[in-house]
Ligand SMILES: NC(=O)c1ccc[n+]([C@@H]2O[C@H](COP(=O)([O-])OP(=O)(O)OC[C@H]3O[C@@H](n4cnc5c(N)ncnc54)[C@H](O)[C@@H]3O)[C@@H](O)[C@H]2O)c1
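The chain that follows stands alone, in the form predicted on its own, written as C-alpha cells.
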Amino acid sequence: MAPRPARRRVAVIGTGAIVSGSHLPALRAHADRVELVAAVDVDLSRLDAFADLAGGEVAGFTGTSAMLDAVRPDLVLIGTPPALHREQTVAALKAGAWVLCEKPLCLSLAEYDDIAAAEQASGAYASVVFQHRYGSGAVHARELIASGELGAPLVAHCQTTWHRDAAYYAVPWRGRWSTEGGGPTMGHGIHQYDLLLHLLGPWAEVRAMAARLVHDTESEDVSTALVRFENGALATVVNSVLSPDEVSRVRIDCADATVELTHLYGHRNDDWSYTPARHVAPERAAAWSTPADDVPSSHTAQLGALLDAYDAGVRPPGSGPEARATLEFAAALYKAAFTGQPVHAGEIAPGDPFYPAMHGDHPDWAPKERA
C-alpha cells in the first residue's frame, strides 16, 4: 500500500463568518489530511477570536505577504470581500500555494486572466468555492444527464429568489461594482447557475434584463436571463434579493424525465426528485433514485475533492476553464441586460468594455458617488 501523503499545511485569509462557519469545519473534517498553520486578518480582535476557536498553534498575521513569506503554506483558503480576491489569489499562487477562494473568484474576466497567468507561471492552481457541485445528489444527477439516461435535456429553470434588506447593504463593500462586482447575479445566484452549467454543459447564447427595483445600490437587485445551451436546451435564470419566500431551485426537463432540486443554501439527496415521462418503464425510473450514501453539498465535500487533486498532482475541479465559464456567463448576462443585445459565448474579450468590468462602463450602471 502506498504511504498516505503528508498533511497539507493550510492558511486562511480572512477569519469572518464564512471561514469560521464553513472552512474551519471542513478543515476539521479532513484533519488527517490538513493542518491549519496560519490565519490572516486586518482586525486583531477577530484574528485572536479565530485563533481561540481554531485551537492549536495557528500563527496570526495582519498581512498576506508577511504570512506567505513566513509560513509558505501548501494551500490557502480565501474568505475576504470580493475586491481582494484577485490580489490575494495571485500572491498565494506566486508563493507556490494552491488556492480555494470564496465566490466570486474575482470581479471580471480580465482579473480572471491575471489569475490564469499566475497559475501558469507558478504551476499551482486556484479553485473557486462552488460547493453545490459536490453533494452526492449533484454528482448523481450529472452522471444521469451526461450518460443520456434521462434523454436529451430540453428545458431548464434556475431560480435563486432570496431576500436581503437595507441593513445587509449597509455593509460598505456590498452593492458596489468596485468591491462586490455586481448584485445577486454575482453574489447570490452564481451558485445555482454554476450548478446549472455543471449539469448541462457549455452555454451558447444569453439574453437578459436587470433592474434596481428596491435597494439603493450601484448594482442590480434582480436579473433574469434566457439561455441557449450548446446541446440545444433552453433555460431561464432568475437572480433576486427581493423575494420574501426564499428558495433555490434547479429544474431540468429531459426527454425521459424531469430532475429537480429544491433547497436554500445547501442540498442533500432528499432535495432531489426525478419524475419519469409517461413512456418510461417503472423499473427504469426506479434506478434513478439518489444513492444511499448521502453527502451534503458543502465546503467539506469540495475540500476533499481538492485534496484528492493535490495528492494526484492534477488540476482540481472548480478551477481553470470551469471557473472561467461561470464568470463569463455572469459577464454575458450583464452585457446582454445593459445593451439589450444577445451575447454569445466567447465574444467578451480584451477590448470589450465588459471584459474589465461587469457594468461595462454603461452610463446607467456605471459606479456613482456615494456618501
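Predicted model, so just to flag it, every value in this text is computed and none were measured. One rule holds for the numbers: they count along the sequence shown, beginning at 1.
Another form, the form predicted in complex with the ligand, is not on view; read the next lines as being about it.
**Student:** Can you work out whether the ligand is within 4.5 angstroms of a heavy atom in all three of I13, R46 and Q131 in the predicted bound form?
**Tutor:** The answer is yes; I13, R46 and Q131 each reach the ligand.
**Student:** Indicate whether the ligand has at least one heavy atom within 4.5 Å of a heavy atom of D271 in the predicted bound form.
**Tutor:** So D271 does not count as contacting the ligand.
**Student:** Given that the ligand is not shown alongside this chain, does T80 nevertheless sit within 4.5 Å of it in the predicted bound form, heavy atom to heavy atom?
**Tutor:** Answer yes; at least one heavy atom of T80 falls within 4.5 Å of the ligand in the predicted bound form.
**Student:** Indicate whether E111 is a 4.5 Å heavy atom neighbour of the ligand in the predicted bound form.
**Tutor:** Answer no; every heavy atom of E111 is more than 4.5 Å from the ligand in the predicted bound form.
**Student:** Given that the partner is absent here, does Q88 sit within 4.5 Å of the ligand in the predicted bound form, heavy atoms only?
**Tutor:** Output for Q88 is yes: heavy atoms within 4.5 Å of the ligand.
**Student:** Let me know the one among K103, H263, R251, H215 whose heavy atoms come within 4.5 Å of the ligand in the predicted bound form, would you?
**Tutor:** When the ligand is considered in the predicted bound form, the option within 4.5 Å is K103.
**Student:** Quick one: of H191, H140, H198, H267, which gets a non-hydrogen atom within 4.5 angstroms of the ligand in the predicted bound form?
**Tutor:** In short, H191.
**Student:** Hey, of 37 to 45, 66 to 74, 312 to 320, 342 to 350, which bit sits against the ligand in the predicted bound form at 4.5 Å between non-hydrogen atoms?
**Tutor:** Going by heavy atoms within 4.5 Å, the stretch is 37 to 45.
**Student:** Select from 276 to 299 the residues with a non-hydrogen atom within 4.5 Å of the ligand in the predicted bound form and write them out in sequence order.
**Tutor:** The stretch touches the partner through H299 alone.
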